[in-house]
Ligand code: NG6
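Just one chain follows, in the form predicted on its own, and it is written as structure tokens.
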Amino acid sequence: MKRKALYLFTPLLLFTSYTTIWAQKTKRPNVVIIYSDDVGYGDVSCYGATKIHTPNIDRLAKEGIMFTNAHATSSTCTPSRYGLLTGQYPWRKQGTGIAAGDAGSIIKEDQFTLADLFQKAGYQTAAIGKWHLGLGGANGPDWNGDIKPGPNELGFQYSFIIPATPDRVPCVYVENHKVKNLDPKDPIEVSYKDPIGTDPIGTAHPEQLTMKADLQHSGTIINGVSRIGYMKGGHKAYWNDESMSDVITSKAIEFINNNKAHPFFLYFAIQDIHVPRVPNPRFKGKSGMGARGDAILELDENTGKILKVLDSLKLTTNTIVIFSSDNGPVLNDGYEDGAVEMLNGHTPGGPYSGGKYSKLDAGTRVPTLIRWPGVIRTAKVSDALIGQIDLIASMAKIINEQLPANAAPDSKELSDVLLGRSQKGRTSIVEQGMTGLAIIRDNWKYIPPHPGATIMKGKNMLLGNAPFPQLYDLQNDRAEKNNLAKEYPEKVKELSQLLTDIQQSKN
């Protein structure tokens, strides 16, 4: 009788298990990553900004988790984006520095990405906004033909992107594999060495500029702004800087509307508040902090638009929204736009030192908010140590999908931390600046000796370099002012060895 009962029970058990798995899959959350650009820890009001108000970004904090010890992998854009999408420290791979506007694809087609994970799980996937991870083969993209490989070969079924940065040519959008609105009779040519074409350049025609620029940013003038590099042709395909944020956001909203009946993953890499800061005229003068402050207001409004469309489609409850930044803040980054003169007491890095390009903590410690109303019921603050590099392993756990062997080698599975169920984050994380690495472990931070300049020329940014070891107690010295290396030589030795071990590991 027992054996017969077991036979009868087994199909029921299998059916119940299958039903449970099926139900879990149908309830998989939508995921939206709002990846802002150059936004510092202190640039939004939920993190302490008092000179500017960001109510839509603050809404995520009120309805989710605000992380106070979350890090981009790097203090510059290309490597941070690489780390987020691949789960691998970018310094492990050559060629992941700040990409030129005509660089070939940095992520190879056989490398598993965050988008691959979601597509494998049956999600609709999109990359919209700033890409800056290279396009095309080793020789770069064919701007007048099929532009591949790119996002569409890396797990994204739809892409509408700025190829590199707003301050680099070519100043065009790429939709899937084609330059948007390109006139075949006016083909695009790009040079990052010598001037080409007959369009004016900044060094020769400063009278045509709407804002002054440094020598690096004094190439071809487009929309009154001189750029890095030189461009010929493609005039009908030019973007309009003032409407860029709105165009990108409208594409994101269109994707959400088109996929409301399916699970979707949206990598929404909005370009604000990267230079050149040319926010829509409706924001002009609203912040009292110049173009940079106005761009923060633009970022906040467009964040609100994404939240509003989720509300209107009744998708809010089962959508994970993650807001963060690719690196810390910078004021003077090539253009004279009043960011320094009109700061008005605002502290973009909050209580931390450094910023973009720096090994000091404001370089990688960035605002990070996660909201999932169906799971995270109340507002929380977490000081757990996490990295953007951990998203891929954590998301695999959340959506119940297996990562392939050797994928995302540096990503830690921290789903309980991301969902507010645990405060036990990483034990250590490596930070990457323009001039080397640093490591944090248990609130101790070690920066190896580096003989380079202490301040980045022309940007007045502390790089975190010194010819001697640096050791900081971040719990009591967030600004990294009191070097304790001489007082704690054993701690220096310990962290130095840990950093070496991580660098030499196969991951």
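Heads up: residue numbers just count along the shown sequence, starting at 1. Computed from a predicted model, the values in this text were never measured in an experiment.
In what follows, reference is made to the form predicted together with the ligand, a form of this protein that is not presented.
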{"property": "Close approach of Asp337 to the ligand in the predicted complex, 4.5 Å, heavy atom", "result": "no"}
{"property": "Non-hydrogen atom contact Thr364 with the ligand in the predicted complex at 4.5 angstroms", "result": "no"}
{"property": "Interface membership of Asp333, the ligand in the predicted complex, 4.5 Å heavy atom rule", "result": "yes"}
{"property": "Partner proximity in the predicted complex: Asp167 to the ligand, non-hydrogen atom cutoff 4.5 Å", "result": "yes"}
{"property": "Option from 469-477, 54-62, 437-445, 31-39 whose residues, in the predicted complex, bring a heavy atom within 4.5 Å of the ligand", "result": "31-39"}
{"property": "Interface residue in the predicted complex among Ala407, Val174, Ile228, Leu182, criterion: non-hydrogen atom within 4.5 angstroms of the ligand", "result": "Ile228"}
{"property": "Listed residue (His71, His132, Lys359, Arg292) with a non-hydrogen atom within 4.5 angstroms of the ligand in the predicted complex", "result": "His132"}
{"property": "Residues of 195-209 having any heavy atom within 4.5 Å of the ligand in the predicted complex, listed in sequence order", "result": "none"}
